[in-house]
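Take a look at this single chain in structure tokens; it is the form predicted on its own.
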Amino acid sequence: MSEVIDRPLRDDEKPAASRLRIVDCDVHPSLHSVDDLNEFLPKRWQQHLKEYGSHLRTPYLFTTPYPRSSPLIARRDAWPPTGGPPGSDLAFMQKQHLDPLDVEFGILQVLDLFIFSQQNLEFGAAIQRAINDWQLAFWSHRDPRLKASILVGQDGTDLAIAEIERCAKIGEYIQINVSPRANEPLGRRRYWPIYERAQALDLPLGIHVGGYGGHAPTGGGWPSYYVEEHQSNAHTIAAQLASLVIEGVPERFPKLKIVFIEGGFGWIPSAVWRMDQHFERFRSEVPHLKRKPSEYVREHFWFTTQPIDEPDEARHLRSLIEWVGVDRLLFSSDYPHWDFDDPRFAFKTPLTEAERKKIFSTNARAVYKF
């Protein structure tokens, strides 16, 4: 997490003259109000939303994964002067984020209405379809820098496939997004039809942290504190990485590209070391795996950078980046959220110009084919 700079930069803080245009893989747009969806949502589901609202898997009402002190998870300076929640005003986003930071492309990650966590799968599919259309009409068509994703709830697999096919025909979406908090671990075969379509369409699978799962976010149960819940995001992603690899998804879909978003990357070495070690001991149990887990991870998975784990000594971050692989990292800011990473100050360790170019631009351009 880097500091939000709300003052003029000192000379020694100014970016280099050859400033690099960036691809930001995690930009959060928001609805100004749910009425924004009316033109994309059938009357039946508009009425359903008004009368019943969301029916989520979380066991607790009126709670969120983040405290009231960070409303809507947002930066204090990200509330648009025109009203509405952070991320809901395109002109303000352009002025505050896209233009000054020279964002060449920004990938939209929508979190409104708990898209992936609706218990009523038909209602969830209607909301996902409306959000997918809203992304194009309100964002991508108004600013071509902003790229939309196909949001689907994987627990309604048939509905998800239909939505993927519908959006693919439009041809303007750059990835398929699913939740890390589905009913079962992501490697399970019930979800494979989605992975099969992603591979056939050559669309990366994006998995953004968060959501409301019916399961506790940690293996030890429900956390007591917000800081504990925020910490658990890395555990959730690590568990889903293990599920996808060990269940054999990369082996079954050798051309599938998977991007973990907003999970950071500091946890990767130990998680992969452990998978490799256990694979050697238990490989007779998983004969469908032809190679070590680390080999699948290095060929099929990418990780966005935010939130960056920042050790006291910069050389430790350097070692971490080298182990994970410069080619595996995609820059993300998480704008406009409170733990936003400013691309000018996000990496507190020396990077060569070639490494910076890979992390901030060319890796994403290769994965998403910009």
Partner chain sequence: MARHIVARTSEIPPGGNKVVDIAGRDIVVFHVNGEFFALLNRCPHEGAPLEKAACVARLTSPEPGVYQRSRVGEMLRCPWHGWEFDMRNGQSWFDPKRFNIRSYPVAVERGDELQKGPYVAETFPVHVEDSYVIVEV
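This structure is a prediction, so every number in the text was calculated from the model and none was measured. Numbering follows the first chain given and starts at 1.
Not pictured, yet referred to below: the form predicted together with its partner chain.
- Its partner chain is not shown here, and in the model of the complex it never comes within 4.5 Å of any heavy atom of Asp26.
- In the model of the complex, its partner chain sits within 4.5 Å of a heavy atom belonging to Arg75.
- In the model of the complex, its partner chain stays beyond 4.5 Å of every heavy atom belonging to Leu351.
- At least one heavy atom of Asp312 is located within 4.5 Å of its partner chain in the model of the complex.
- Picking from 41 to 49, 27 to 35, 316 to 324, 331 to 339 the stretch near its partner chain in the model of the complex, with a 4.5 Å limit on heavy atoms, gives 331 to 339.
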